[in-house]
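Form predicted on its own, single chain, as structure tokens, below.
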């Protein structure tokens, strides 16, 4: 569940996946920058007028020159994708003017095709494994390797400056090639990635002299004893603006880090791991009062220091950070230190307590100062009482995530419909909510739909399986129905609890803007999924686990799968013949059947995991043995 804490909004892209079919019609062309070519000579002596021969430009040349200047003002992927579909000329010019490339699925297109079409890219974002891999639902070593991408970009994009990777397998060799190939490289962000270690980070730190951003977010590093922090160049002023390494599970060279912070006057974001004590945090804050984002690391007494001993003035250090707007970290927290952050609370717009095991009273001492807060992540240890305090103070709240401190089923959860209703009544500007609980009521969800009509993301995770409204014992159909009916901007929805086909009928009928739908332990029959696939025209990502949907439900979406980025179904009622029929009917869809050892031992004839996605390349070549690609 920690993986849900990686971003303020995990899949916030609003544009359809990139269509690279235009690479087949895009061609290289050397375009003149002048509207006309001019050649001339003097006809004869004397003062008479000279005659000039004008060569008219090709009409397509003029159009492409104009388009190139116009398309530079299109910044969103959706607008650019739409422009590229107008005609061949627009497709060609749009590709030449695109500087940022987004690949929503690393297997949807080959690196060769992508780099051939888009020749002037400076920033690349690539996503790999589907989200359910975060919950250990996908066997390890499935794929999503960065190696072929960095190899292609090394020759195609020598001027590349930024790389953003999410759920990709990245090796130290990949990072070495990246550092060696791009002399102007500035930003590396690795979210939920694995396969690399501190040795790869050391190469990036030492060779990327213009590095501004190095963000490691919820990534898993291999255990290597390399002092990567000390590899940043010691001479001159550092360009570093953001350094995030709170996921690195090994001690760092603090003296080297302190020197790096001192010589980085532009540093704005710094998130530390749990091996950095509050005393060391104090030293860094004194050196860098310009910080706007701080991840505190361990927020407890330094080793060898007893509470009450003479310690630095942590409160003064926080007070000196006048620009601080975002606070996170608080690992291994000792609540007695929380008053130190009081001076900055009034300016905070983002506060992440998702690793801080604090109670309602401890939260209240902080939250009552946070009137500007817009993003708040917290553990359910604060109970309904803590959420009521948030609702009373944070009137400008836009995003709330409540994570479980204990994710077991069938326990008495500390938050309930009481906290949800309080938030909906006090935080009317809410746009996104993720709420883990053990039980819920339809009335509370309906209240939220009425009070928070601007909701774009609603994810309610009732951890007990097939749980009804705990007051009326009715299914949760009407609550989720109210959400899709009243929240007209809803684009992402996660449903759970006891749901019948009626709930899915509501989703299909009213969820016309829903792009991402997550279903867990819910559903009545195949009709439920059929309602969704036939009724949600903008559905891009559909992920389902432990639900009764079978072959008939799967086949009902034949008309829509080419328009989707992916479909994931695990522990449902699918058969191999049903999945094979999809593969035959939709040859441009990659249909992966993923098995595990349990299936083989039991001789199970059902499909454990089905992962389908569209691809311009066909089946991938790096599929491991437990993946069968149907054709």
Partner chain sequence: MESKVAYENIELNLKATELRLGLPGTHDSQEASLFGARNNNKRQLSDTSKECGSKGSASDAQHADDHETPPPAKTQIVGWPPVRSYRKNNLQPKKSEAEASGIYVKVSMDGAPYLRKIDLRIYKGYPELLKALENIFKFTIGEYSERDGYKGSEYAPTYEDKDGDWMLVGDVPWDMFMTSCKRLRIMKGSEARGLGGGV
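Remember, predicted model here, so these are calculated numbers, not experimental data. Residue numbers count along the first chain shown, from 1.
One more form of this protein, predicted in complex with the partner chain, exists but is not displayed; see below.
- Heavy atoms within 4.5 Å of the partner chain in the predicted bound form belong, among the stretches 469-477, 384-392, 423-431, 222-230, to residues of 469-477.
- Just one of 189, 177, 463, 95 comes within 4.5 Å of the partner chain in the predicted bound form, counting any heavy atom, and that one is 463.
- Residue-level contacts in the predicted bound form: of 313, 173, 332, 255, one residue has a heavy atom within 4.5 Å of the partner chain, and it is 332.
- Each of 135, 407 and 573 places at least one heavy atom within 4.5 Å of the partner chain in the predicted bound form.
- The shortest heavy atom separation between residue 436 and the partner chain in the predicted bound form is within 4.5 Å.
- Shown alone here, residue 456 lies farther than 4.5 Å from the partner chain in the predicted bound form, counting heavy atoms only.
- Of the heavy atoms in residue 486, none are within 4.5 Å of the partner chain in the predicted bound form.
- The partner chain in the predicted bound form is not approached by residue 342, whose heavy atoms all lie more than 4.5 angstroms from it.
- Scanning 514-537 for heavy atoms within 4.5 Å of the partner chain in the predicted bound form gives 520, 521, 524, 525, 526, 527, 530, 531 in sequence order.
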